[in-house]
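Heads up, the chain below is alone and in the form predicted alone; it's given as structure tokens.
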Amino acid sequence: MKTQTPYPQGDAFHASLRTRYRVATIWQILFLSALLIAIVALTALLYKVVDGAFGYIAYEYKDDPAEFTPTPVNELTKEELLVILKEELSSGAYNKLNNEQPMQERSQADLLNLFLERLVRIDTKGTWSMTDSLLHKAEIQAEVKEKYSNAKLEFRSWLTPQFLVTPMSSKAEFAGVRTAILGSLWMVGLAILFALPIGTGAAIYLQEYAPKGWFTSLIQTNINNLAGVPSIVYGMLGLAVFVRTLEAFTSGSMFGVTDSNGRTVLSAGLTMGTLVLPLIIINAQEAIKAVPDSLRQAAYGVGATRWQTVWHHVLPNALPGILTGSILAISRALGESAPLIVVGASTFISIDPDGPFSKFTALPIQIYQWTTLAQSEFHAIAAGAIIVLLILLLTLNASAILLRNRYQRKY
């Protein structure tokens, strides 16, 4: 009686081997295609953003600068600009600007922007993308010469150092993202202070202390589900709880603040902290799980208590993973806009937030507001703001990678 082998033999084996290699090659091609599609899509997105942040702009001065000073605009000193603004602006406008930030403390570039914005007043006639500016330069020059004979045409980078340190303005040529950046940083800082200790503590309890049973499983399931809840739902939660129910706290009225309501950067920070809290708990649990049980058993073997084991052995080894997951979670909060709209972020504000009870805006809100306007110059500065937001997100993600690589321990 012949014994049947479970594997093909001879020609059947070689045919089976060729089939397996063919299938493996097909899957390899599919995976490579997916990677190439992702790279192409990301490249197209980045190019579209960069394409809008650079290009030609045609503009005219509504009032001739020579009416205010015989000195060329680019040669005006800080002292000359202070004198011109003091003399030409109305007392009310000058005092308002001085209250926002003392005129003597402003930089020469800031004063020059005020001179151009408030007195000379630039009138933008048209803007062109970087691609059109590079490929159709002659046609653009001819169009500007024909339609706007008095207009100046210059190639402009909308993303400049001045753009980063200038507050919001009703004129795109003078608008910046300083207020939005500070609002985002305040919000993220408050979210970290709220969510990181609570999330880490919850993860430690669930992983090291909570008894295994149906109740713990129910809590774990709900945490996992909350991590996938749409962000707008957290915005509604923040509106109901932090803005309205806890208004006395989030507005600062219980601390003597009288010029604010519940729609403050504190409410936004608590809302974003709630949004990323499930993510921080899950990431911290995974980091704690990765710590080998042999470390725990060794600590117990020399008489350490459970808390001593957690504090001196588990947490130090899990800390890189906890920090990495927390930074990536905060990156999500930095890019969210829907909860902030519900909580009450301002779409136009030129005053920097100076505390947790300040009114605020954030980079995603500022970008959204600029893209909804009809003027093309606002779309250009929105592209510049998107680049700033991407740089902030990439910086946070790079920090997470560096922390992981620097402190990760292999067992």
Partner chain sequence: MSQSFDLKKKTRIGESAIQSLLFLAGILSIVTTVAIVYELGKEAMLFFGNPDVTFAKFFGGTQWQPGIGNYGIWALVSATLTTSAIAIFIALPLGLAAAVYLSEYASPKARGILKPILEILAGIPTVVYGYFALLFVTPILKSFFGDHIQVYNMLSAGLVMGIMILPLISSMSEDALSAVPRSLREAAYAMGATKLESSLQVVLPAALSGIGAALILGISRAVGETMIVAVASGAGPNFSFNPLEAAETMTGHIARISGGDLSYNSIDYTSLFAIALMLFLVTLVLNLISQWIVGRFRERYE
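Worth saying up front: this structure is predicted, and the values here are computed from it rather than measured. Numbering follows the first chain given and starts at 1.
What follows is about the form predicted together with its partner chain, which we do not show.
- request: Go through Thr160, Asn95, Ser253, Gln308 and name the one with a heavy atom inside 4.5 Å of its partner chain in the predicted complex.
  value: By the 4.5 Å heavy-atom cutoff, the listed residue in contact is Gln308.
message: Quick check on this chain: which one of Leu82, Val229, Leu319, Val165 has a heavy atom within 4.5 Å of its partner chain in the predicted complex?
response: It is Val229.
message: Between its partner chain and Ile140, Leu185 and Leu402, in the predicted complex, does every residue show a non-hydrogen atom at 4.5 Å or closer?
response: Not a single residue of the candidate spot has a heavy atom within 4.5 Å of its partner chain in the predicted complex.
query: Out of the stretches listed (118-126, 203-211, 103-111, 167-175), which one is close to its partner chain in the predicted complex, meaning heavy atoms within 4.5 Å?
result: Of the options given, it is 203-211.
field: Contact label in the predicted complex: Arg263 to its partner chain, heavy atom within 4.5 Å
entry: Flag for Arg263 set to yes.
- request: Considering only heavy atoms, tell me if Leu218 and its partner chain come within 4.5 Å of each other in the predicted complex.
  value: Yes, Leu218 is a contact residue.
message: in the predicted complex, does Ser133 come within 4.5 Å of its partner chain, counting heavy atoms only?
response: No.
message: Just checking whether Thr371 would be counted as a contact of its partner chain in the predicted complex - the rule being heavy atoms within 4.5 angstroms.
response: Yes, Thr371 lies within 4.5 Å of its partner chain in the predicted complex.
task: Taking its partner chain as it sits in the predicted complex, which residues of 286-302 have a non-hydrogen atom within 4.5 Å of it? Please list them.
output: Going through 286-302 in order - heavy atoms within 4.5 Å of its partner chain in the predicted complex - there are no hits.
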